[in-house]
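What follows is a single chain, given as structure tokens, in the form predicted alone.
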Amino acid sequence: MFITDIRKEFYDVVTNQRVALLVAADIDAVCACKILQVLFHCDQVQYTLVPVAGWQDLSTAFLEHKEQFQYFVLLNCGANVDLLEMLQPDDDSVFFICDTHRPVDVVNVYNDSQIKLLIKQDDDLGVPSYDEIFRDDEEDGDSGNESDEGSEPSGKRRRFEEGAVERRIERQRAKREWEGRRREILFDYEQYEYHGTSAAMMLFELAWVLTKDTKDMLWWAVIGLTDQWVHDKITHMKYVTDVATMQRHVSRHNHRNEDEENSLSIDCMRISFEYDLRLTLYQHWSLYESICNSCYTSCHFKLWTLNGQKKLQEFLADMGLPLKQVRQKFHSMDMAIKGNLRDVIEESSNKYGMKDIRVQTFGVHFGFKNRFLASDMVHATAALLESTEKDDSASDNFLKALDSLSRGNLDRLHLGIDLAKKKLMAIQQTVASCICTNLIVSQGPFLYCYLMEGTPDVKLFSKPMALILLCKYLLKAFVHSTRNKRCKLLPLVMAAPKDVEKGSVIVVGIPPESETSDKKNFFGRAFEKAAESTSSRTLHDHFDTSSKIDLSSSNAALQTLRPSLRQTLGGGLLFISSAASVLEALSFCFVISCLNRFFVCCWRM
């Protein structure tokens, strides 16, 4: 059931209760969690925080806490499945779900007692009406009339039985037609996955309604929104609309704290709306390294080619920037150059076809020294959340990412920025390697790429967010480099080793590259159909159901696949060193062939 009054129907209900807070492992959910924690601390609400990485973690966390808690708050998880069917809770358990994943499961929408949805209804939800998908089965009403059959003449009884059969057949036919319409309606509603309004924005609006919103909360909401833009989860129009909403809140807070004493305080916090450059981490890097490792500029210049490198040198020369300046840290550049750097870059970018080099975003100053863009925070927090530097658990990484959002933990934030730089360089090198060695193969209605075991930094891409970022970067680079117009309109499936010892891979699928795309993803159903058609063991354990599956192969799948492998892929993946890699590659190839058949069938329909 959708909540209409978030204060009365959610916050006032949990204020005097113990709450279990189940939070998904993504940046928007971490920001939403941070906002809710501050609100709970203000009102002394007792809660237990449990990070959950997937459906298995969610089920395990619920089983461990269902005896101690009646109220559960789920952040960015739970809306797109039948939660009651999956968890089998007691009748008194209540779930408050603040989730950006769409579509929302229809059972969650029409459950009035246990499911409470903290979701904006002005989003384009398109939920089918109740009568279209639910109906009560009517009992046959003929049994009462049949008791008088003995007193009726035989001819009349025969006519009565014929009429009853005809009515029963008509009811069965009507029921089949209704069920057919219901399947079509649900297929149209559930076939695409997409994202709605940021969870952090939703909870910031709650804080605003409670008149407890602070600049820190506003900044976390901005980071949650920027996460959706950085990871390409929402359309450009949706992003611009939500940025306008956040801009109004920023103006309100800045106007409220305009007194001179506060503005000059050494520990003050100032948020500003800006048209800044689409250069990743450029204020914490050198300008040259930022241009080379930003998806936007790297793909436009095609920096994996010699011509691209030459074009970059021409671009720097056109701006009139000395190489000594652009290769040193940004904060060490001459003040005269930094003063009008954005205008200079924008002017030269227009000459090279990069007319949208600047984008609407937000920045923050912590005191006099520390300045960050919202996208800097997203990359740093994501790097901490999926860190592979140490053998820390997923919960430890989650808590580090949560701590990095506090302005009192700037050391941890700077550590996250350093990790983000390493990740971006690894992505850039992997993209260049895949393009130059032709690892992207056209498989009928889509493209695919497989990262072999032994690929540099392959461990980093066993993490979902890192692999999706690589996948989007790679598809954009391929579209800019290929001359095949048809391939520019195709989606991309990509896989990387997840666990070498178990012989499993993680697979993602993204829609075609387009600035005007509606960001809806069809791969959820495709992966499900592929799993049904193969003997490979698949685990759909990610909350983004349409973009990620974990896959491992059985011996039967290998025997089935071997005769057709060369026909399917030309034998290109047979030259692999270890047995585990062969297992991964063959299982992935088999699912690829199933996906191919499924797409062809859908398009013919």
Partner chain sequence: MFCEKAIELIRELHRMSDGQLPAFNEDGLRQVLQEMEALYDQNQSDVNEAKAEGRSDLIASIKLRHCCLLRNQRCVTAYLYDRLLRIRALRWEYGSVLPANVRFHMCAEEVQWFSQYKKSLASFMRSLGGGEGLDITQDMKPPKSLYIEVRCLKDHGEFEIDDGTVILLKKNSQHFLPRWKCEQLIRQGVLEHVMS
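Numbering follows the first chain given and starts at 1. Everything numeric in this text was worked out from a predicted model, so none of it was measured.
Here the subject shifts to the form predicted in complex with the partner chain, a form of this protein not shown in this document.
In the predicted bound form, the partner chain stays beyond 4.5 Å of every heavy atom belonging to residue 70.
None of the heavy atoms of residue 438 is located within 4.5 Å of the partner chain in the predicted bound form. Looking at residue 393, you'd find a heavy atom of it within 4.5 angstroms of the partner chain in the predicted bound form. The partner chain is not drawn, but in the predicted bound form it has a heavy atom within 4.5 Å of residue 65. Only one listed stretch (294 to 302, 488 to 496, 396 to 404, 81 to 89) carries heavy atoms within 4.5 Å of the partner chain in the predicted bound form, and that stretch is 396 to 404.
With contact defined as any non-hydrogen atom lying within 4.5 angstroms of the partner chain in the predicted bound form, 18 is the only contacting residue in 2 to 24.
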